[in-house]
Each structure stands twice: as structure tokens, then as C-alpha cells.
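We begin with a single chain expressed as C-alpha cells, specifically the form predicted on its own.
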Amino acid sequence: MPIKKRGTGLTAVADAWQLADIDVSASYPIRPYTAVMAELAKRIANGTMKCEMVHGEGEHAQFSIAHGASMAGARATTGTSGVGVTYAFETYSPIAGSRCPIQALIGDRTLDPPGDFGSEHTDCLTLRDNGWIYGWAQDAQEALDNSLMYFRIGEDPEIMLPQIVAMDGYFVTHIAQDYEMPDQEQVDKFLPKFNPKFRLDVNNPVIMGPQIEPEMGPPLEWDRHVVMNKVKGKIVEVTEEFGKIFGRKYAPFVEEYMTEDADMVYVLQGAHAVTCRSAIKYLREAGYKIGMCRIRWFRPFPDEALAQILPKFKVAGVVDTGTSYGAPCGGGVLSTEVKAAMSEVPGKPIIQSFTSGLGGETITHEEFFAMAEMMKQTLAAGKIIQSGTWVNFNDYHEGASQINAAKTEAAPSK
């Protein structure tokens, strides 16, 4: 029987990895990722979990260990955060190119501008072009569930791609909350043992990862492109099956909240969706017709789903919790992706970019109110009145006064 637990996003993923019966986990400490490494080590030392844990001398070695283990046929995991993500950068494309479905946990952290350890999505977003499939969990329950679903999708013989279970550092990785842990029988039914068609075997030698001629590279790139396009169909299939077995039903790509009659909508991903829902309740009371669309997958990006959903709104405010200096229209990576996805969609809404929640800062109710007020002004004007707004920073003029006014106008009545 499933059991109720209280724990963090990291203990939830440790539970998922134990239930998935992983063979190898490669580690190197960096907060906030470190706690999952410690949790696994404790369980292995106590004899409650069987897994070979290998400690690398850095993140590059750590991901290389997982790469080799996967080539040998192991269900392998690893993970990191912040600058640890960038230290391992050389390994990501070869892992995806080798079609090794290892799973990495990334607990978001800034890229130190300098010395900031807070949460941002910037670290994980640097990986978007390396052929990994990933998205953000909003809480511990989703972190556990995503981990199981990602294994199932990534290890599918038609896919065979690595996955990142991403979560906001500290907000999800470290805040204790209740979640349900499924029983082993359910997981075994959903997630069979990893059994790759090809593996390193001394009794049946094969070559993996050889040096190749330049003309041999493009076909491999094409193969990854084709496979990534198949992932969306697999996401729909696996999400539906997950709901039948475990009883928790997720929208495959985009979760909608209070959008039925909305003119305006926040578009975001990750843990700040929890505060956003709460803010929307107050804004509704104050007369704002506003809702939320939470993106559950970043790669592959849910462009078809957004093309179906967003045209029913007049203004979409994309909330970036990461940076992309010099990006078009002053927005971040998520804004750029949404605008690209909607560029040829008839009846698309006005898309406004907001940047907030950097450096581990909470996006407060007041900041969501301010964004709603700016979207309201955009709606009235029929055009964007402030492109690329950094919420709560005075690098703009008209928008600043509107935000300050909004904190009074949209304040909750209770």
C-alpha cells in the first residue's frame, strides 16, 4: 500500500530512485543537491537499499561515471546544482549522443554572480540544447512522480535519452512537505528493469563512443533530432498510464489554473506556481480575470500545447526565474521560448516578459499583483507598455509607478 511521508523534494527523489532499484549512483557534493547524495549513502550504509555509490572527484567525473555505468547496462543516476552544472558541461552531449538514459537531479542554484547560493533556473536552462529531456517539479510529490515517469520515458527502446529531474533549489529541495510514496508492486508494474539492447560486455565485445570521422557526425545529430520529436508522444502515453496505476493525474504538458474566463494568464514553471495560485485567488476577488498556465516540460518544449491554449487569452505574462542577458525583448529563456512557439500562431495573445525570483528570492503576492496590473495596462493599451520588466527594479519609469499603485489596488481584502 502507498504510504504518506513527510520529507523534502530530495528525499522524495531518493525514494523514487530506491523504488526504481537503481544500480549505480555517482556523486559529488554541492548544495542543494548534496542532500540526496547523503540520503542515498545513509540508506546504502544501513542496508535498506542496494546500490553501488561511486564518488567522483568533481562534477565532470561524476557524470562520466554515470555515463560509463549506463553503457554497461546499469540504471544510473547522478545530480548537481549551480556551477556544478557548468563544470560537467563537456559530458552532457556525449551522454545524449551515446543514447545513455541516465537520470540526473538538478536542484537549481544561481551561477554565482558572485557568491550567491540562491535558487534560479539559469543553471539548468544552459543545458537546453544538449539532447536531454527535462522539466520542473513544483513540489516533492511531483519530484517523486516525475522521476519515475522520466525513467520510463527515457529508457523506452524507441527513445533512450538522458533525463533531468529539475526542481527549485531550497523551495522544493529542502522544504519539508507531505507526499505519497507508492508501494513497490505499483512501481514494478509501471517501471520494468532496465534492459538495454546494447551494453559493454567482456563476453560480447562492442565499441561505444569511438572517435568518428566528421561526416559521420550529422547522421547522429539527425537521429537525436528525430528521437526528441518522438518524446512528446511518449509523454502523453506514459502520463496517462501513470495516472491509471498511481491515481495521480497530470496534464501531459501544461497545467491550467482558473483559466476558464480569464483574459490574462501567467505562464511559468516550477515551484513559484504555488504562490501564483494563491495570488490569483486574491486577484480574482479584486476583479482581475486572470489565471495560470504552468509548463511541465521544457525539453521537449510544449509548443503545440501552448498554441492550442494561449490564443484564448488576450495577454500572457511569462515569468522568468532565470537570466539570459541580451536576449530579445529583454526577457529570459522561457519568454524567448514561448514567443518563438507562438510566433506563427493565429490569434496569439500579447506576450509580456517578466523577470523575478532571482537569487533565491520568493516571488511574493505583491509582485504577482504588480505583474497582473502591468498586464491589465497592456490589455487596455492593446500593446506592451514595458518590454522585459524586471519586477521590483527601477530600470523603467512608467512601469514602476504602475507596480507601486498595483500593490495598493490589488491588495487582498482578507
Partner chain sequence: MAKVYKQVPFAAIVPSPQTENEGMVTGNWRFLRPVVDKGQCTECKTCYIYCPDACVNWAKDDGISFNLKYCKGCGICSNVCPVGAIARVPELDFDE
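As the structure is a computational prediction, the values presented were derived from the model and not from experiment. Residue numbers count along the first chain shown, from 1.
This next part talks about the form predicted in complex with the partner chain, which is not shown.
Novice: Could you tell me if all three of 160, 206 and 210 have a heavy atom no more than 4.5 Å from the partner chain in the model of the complex?
Specialist: Yes.
Novice: Looking at 233, 243, 218, 192, which has any heavy atom no more than 4.5 Å from the partner chain in the model of the complex?
Specialist: Of 233, 243, 218, 192, the residue with a heavy atom within 4.5 Å of the partner chain in the model of the complex is 218.
Novice: Can you work out which of 97, 73, 252, 330 has a heavy atom no more than 4.5 Å from the partner chain in the model of the complex?
Specialist: Result of the distance check: 97.
Novice: Using a 4.5 Å heavy atom cut-off, which stretch among 181 to 189, 306 to 314, 210 to 218, 290 to 298 contacts the partner chain in the model of the complex?
Specialist: It is 210 to 218 that comes within 4.5 Å of the partner.
Novice: Any of the heavy atoms of residue 198 lying within 4.5 Å of the partner chain in the model of the complex?
Specialist: Answer yes; at least one heavy atom of residue 198 falls within 4.5 Å of the partner chain in the model of the complex.
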